[in-house]
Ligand code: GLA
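Take a look at this single chain, the form predicted on its own, given in structure tokens.
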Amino acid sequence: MEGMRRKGKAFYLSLLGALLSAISSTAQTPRESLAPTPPMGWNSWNKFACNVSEDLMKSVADAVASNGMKEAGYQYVVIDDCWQVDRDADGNIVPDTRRFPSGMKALGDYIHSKGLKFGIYSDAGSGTCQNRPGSQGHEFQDALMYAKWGVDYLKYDWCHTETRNAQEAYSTINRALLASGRPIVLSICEWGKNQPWLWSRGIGNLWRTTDDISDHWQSKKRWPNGNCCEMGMVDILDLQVGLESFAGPGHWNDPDMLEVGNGGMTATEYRSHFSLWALLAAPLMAGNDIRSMSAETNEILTNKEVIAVDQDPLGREGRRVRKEGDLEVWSKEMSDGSRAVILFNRGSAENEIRFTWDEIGYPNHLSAKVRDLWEHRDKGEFKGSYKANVPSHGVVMLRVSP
């Protein structure tokens, strides 16, 4: 009997050891604890490029706080390139005092007063993409300045880096931010050139997977210098296939910022854009002029049922489960056991798309409720499959719950 007790105790100690080992292997790093769900906010670049100012950023913060975006989950107000003009005699980064007369700390304080978070931009090279001072050689100095200003989010670009190693560059700024004493989310923006999904976990909270997005359904327009290209929404979408296993709480694939509301696509295409980014568990960074957007654009950006798919605490990135020509089915596992499903029609005419339960990980004999997340309407209870008519360049986005 005593021998059996000893064997039982040994078994449970072995089991406990295995459990503790599993917990240890999946424990988050200090970096990963900063973004348990994909960051949501607004960034100045897609709409305003270099035309940024204190007044613009304050008015955007006012809009986020009052137009339903803050309530829907948007937190970060991020100023992109062109806020900086020089370094002083001590090497400190100098903001443009003409455009930001009150200084960056005052701007951060204003954004914080609205219950929002302050984001800023820099670059791993000697200069930014718009030839302003970069952070190379000043990483720890800049990080301390950002902390002093109350920065909560840093977008870190990859221009003018010459032969610099990407993993070294982003590891250096990560160490600098952690040493600053302030929790600052790090957005790695090296355009997927060095496959950051393979090495960025624990270094950055999100990493770009592609070149820059453009406000087009499909486009591969070369930049004038020939170095890069702007990609349409579906071009970027296709490059996400196969990357889903690299994303999770605190470390997200970033297919670039949203173009919703900027005018280059139709409302149907913008709903597809927003839906697919949500299913990809992508950061949702609006890039339009939210101060004067239409009610239709506001409705897209603040659809709480779609946003809930993006912000689901399980942190699974959705994946494409079937592609037949222009007709696709995408699915994402949710924390409550349900599935988010997108029926996506790339074609030029409306078409019916059907999917089966086994494609999304359920047995076909299962009975499940289906809800349309854009109609905000329950469609009924179904067994084995579901089908819907999907408009050209459109989606039907569903939640399937056993």
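Worth saying up front: this structure is predicted, and the values here are computed from it rather than measured. Note that residue numbering begins at 1 and tracks the sequence as displayed.
Beyond the structure shown, there is the form predicted in complex with alpha-D-galactopyranose, which is absent from this document and is the topic of what follows.
For the three marked residues, 238, 273 and 328, no heavy atom of any sits within 4.5 Å of alpha-D-galactopyranose in the predicted complex.
Heavy atoms within 4.5 Å of alpha-D-galactopyranose in the predicted complex belong, among the stretches 307 to 315, 258 to 266, 127 to 135, 91 to 99, to residues of 127 to 135. Heavy atoms of residue 332 never reach within 4.5 Å of alpha-D-galactopyranose in the predicted complex, leaving it off the interface. Put simply, residue 215 is far from alpha-D-galactopyranose in the predicted complex: not one heavy atom of it is within 4.5 Å.
Mapping the unseen interface onto this chain, residue 45 counts among the residues with a heavy atom inside 4.5 Å of alpha-D-galactopyranose in the predicted complex. Within this chain, residue 152 is remote from the site of alpha-D-galactopyranose in the predicted complex, having no heavy atom within 4.5 Å.
Contact with alpha-D-galactopyranose in the predicted complex, judged by any heavy atom within 4.5 Å, is made by just one of 118, 121, 277, 252: 121.
When you look in the predicted complex, the only residue of 81, 139, 244, 230 with a non-hydrogen atom within 4.5 Å of alpha-D-galactopyranose is 81. In the predicted complex, the residues of 174 to 211 lying within 4.5 Å of alpha-D-galactopyranose by at least one heavy atom are, in order, 189, 191, 208.
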